[in-house]
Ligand SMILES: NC(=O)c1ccc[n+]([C@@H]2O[C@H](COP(=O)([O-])OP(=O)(O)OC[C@H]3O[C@@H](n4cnc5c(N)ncnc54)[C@H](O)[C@@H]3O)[C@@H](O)[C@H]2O)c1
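What follows is one chain in structure tokens, specifically the form predicted on its own.
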């Protein structure tokens, strides 16, 4: 397996899945930049890997994103692999009431969409030109199984934004045909991270027996697929989505 280039940028990279992906690329000898609103969870990994760097950035702020990321895209150090991992899934209102579509304020929907979809579009648009100049690049969008089948617990704003990320990958894949660049997506299912702890335990207890592989997913499972999609083993894949869900969903 060969990964062309040496620099990986992971947005939303200081979450547990992002850190799992970062560690996998670091083991392969790649340099990794993590961009996140909260970089504290990444500091321990940063302390032991000199080829890793942290960038504190609110990706929901388009102006801040452009100011920080455009110079990186225009530098000789522009990333060879972009992993759009940023995401936000507030499941309840500030009063703890689960969101329904008809009760959700538009300004709240817009804030979540700015993270889950608009930031992915902006990062993709910023880093495609330097990849085109090199005639090589890999873009990987991290979405969610809920984008495929609807959310059992994730509200409409999260699901629709991540579904947009899947559509974005399909459109951009056609636009990039023949350039040496590919773009694909990953749909993680129930991954054993702190993020799934904000629902009652009975939710996971009900889902676990339905997973054919017999366990919840791990960040390392998502990371392995990222390595594959970034490598020459996936040269013929673009515009596709890989489900990392242990067989929980096997439909079209």
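What you see is a predicted model, and the numbers here were worked out from it, not measured in a lab. Positions refer to the first chain, counted from 1.
Note that the form predicted together with the named molecule isn't included here; everything after this is about it.
J.: Can you pick the stretch from 132 to 140, 173 to 181, 96 to 104, 156 to 164 whose heavy atoms fall within 4.5 Å of the named molecule in the model of the complex?
T.: Within 4.5 Å of the partner lies stretch 156 to 164.
J.: Residue 230: heavy atom within 4.5 Å of the named molecule in the model of the complex?
T.: Contact check for residue 230: no, nothing within 4.5 Å of the named molecule in the model of the complex.
J.: At 4.5 Å between heavy atoms, is residue 34 in contact with the named molecule in the model of the complex?
T.: Outside the cut-off, so no.
J.: How about residue 115 - does it come within 4.5 Å of the named molecule in the model of the complex, if we only consider non-hydrogen atoms?
T.: Residue 115: yes, in contact with the named molecule in the model of the complex.
J.: Even though the partner isn't displayed, in the model of the complex is residue 189 close enough to the named molecule, meaning a heavy atom within 4.5 Å?
T.: Within the cut-off, so yes.
J.: Looking at 223, 30, 57, 69, which has any heavy atom no more than 4.5 Å from the named molecule in the model of the complex?
T.: Spelling it out, the residue with a heavy atom inside the cut-off is 57.
J.: At 4.5 Å, heavy atom to heavy atom, what parts of 3 to 23 sit next to the named molecule in the model of the complex? List them in sequence order, or say none.
T.: The stretch touches the partner through 12, 14, 15, 16, 17, 18.
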